[in-house]
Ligand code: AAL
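Form predicted alone, single chain, as structure tokens, below.
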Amino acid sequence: MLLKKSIASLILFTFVIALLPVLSFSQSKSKSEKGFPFILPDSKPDRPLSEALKRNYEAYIGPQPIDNELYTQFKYTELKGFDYNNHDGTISRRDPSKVIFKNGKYYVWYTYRHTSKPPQGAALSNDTIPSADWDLSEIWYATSTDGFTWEEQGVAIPRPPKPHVGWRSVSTTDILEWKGKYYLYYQGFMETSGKRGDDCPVAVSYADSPDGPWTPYNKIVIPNGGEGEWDQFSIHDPYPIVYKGKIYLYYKSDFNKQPNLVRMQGLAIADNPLGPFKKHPLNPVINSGHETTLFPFKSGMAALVIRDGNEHNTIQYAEDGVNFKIAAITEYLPIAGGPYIPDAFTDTKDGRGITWGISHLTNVTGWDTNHSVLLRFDCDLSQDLHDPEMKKAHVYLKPEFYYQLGLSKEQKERILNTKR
């Protein structure tokens, strides 16, 4: 009798154990049979999710653009106060710095070229004819009380005499305020741009006032990388921010080889504006982007990543200022954007973000009169602003815009000659 009971208990136990997966599957199935909620949850729901939906909650600050503080559309406004000589290509303004507010007005510095002819390419260039839009340039600056109408103040950094860094051209500047002094970092060309590429290191000048006078350091501040390294030929777009008690200077380099040129962003860190700057061992820290535009955001660093690379047209974020991840995908980002960042130099632990700045547009007319113009951009990448119009996830464009993106002559011929 006891043996029969034991056998019966064993059979029942085995049956229950065998049934558990079925019961578990049945319960999980009943839970998930109900579809994903009609009202989008603010936080990740406790239910099976596709990789796309997981990413929607884990990769972005908010589950939709209106909730994402690092998503925005950009609005653009023509600036007043700048003359371009009827846009004949002899005057160009490009690559603006960050905007700062001092002495009751805004300041911006930029690459300024005024030459007898528009750029003619390296082979036809000489001491007065530029090879490229940024060749034979100086650093100029302008001020404004409202950010829309500007008054040009003239040269800040002239081209130095040979053999000093930048004797051929000084361009693509950015501003740093550090312990009561001001520092302008810029690319210093010592040969004609285009003869071997855009090879140049970074130079710096300093002053007690944003109005100057500026004293050149006359030394290379950030040298090119060693032979065979990604930044061996060029360090462009120096972009300093005070972060973690140090100077974090981000920069871009062109590498690989033509016609498959690659552009990525690196980082060099220093305790002193004049260096030495130590390049980060994880360089490049951003794998895409044509220019360098960053700003402190919360406890980390945000970056506008435009053009070039797998992750172009993204806004990225790094909690540590080094390891960047995509925080938003957008369009029509400002080219060479120089934002107004009130806390760029305060070593903030809670970056408030940006709402406007200055950028540039290139090839305003045609390549035979190639030049660039400055313009204003506005956005909502700020903890202190909530502008739903900036958070729209689409832009309506006229047909004429799309027709400008038409087939090239060679592409059209290929299509017409394709045998059906």
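Please read these numbers as outputs of a predicted model, since none were measured by experiment. All residue numbers refer to positions in the sequence shown, first residue = 1.
One more form of this protein exists, namely the form predicted together with this ligand; it is left out here, but the text below deals with it.
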query	finding
Residue (of R307, K257, K179, K80) lying close to this ligand in the predicted complex, criterion heavy atoms within 4.5 Å	R307
Partner-contacting position among T172, T72, S92, S169 - heavy atom within 4.5 Å of this ligand in the predicted complex	T172
4.5 Å heavy atom contact, H236 and this ligand in the predicted complex	yes
4.5 Å heavy atom contact, F297 to this ligand in the predicted complex	no
Non-hydrogen atom contact H164 with this ligand in the predicted complex at 4.5 angstroms	no
Proximity of Y112 to this ligand in the predicted complex, heavy atoms at 4.5 Å	no
In the predicted complex, segment of 289-297, 311-319, 145-153, 121-129 with a heavy atom within 4.5 Å of this ligand	289-297
Contacts with this ligand in the predicted complex, stretch 130-155 (heavy atom within 4.5 Å)	W134
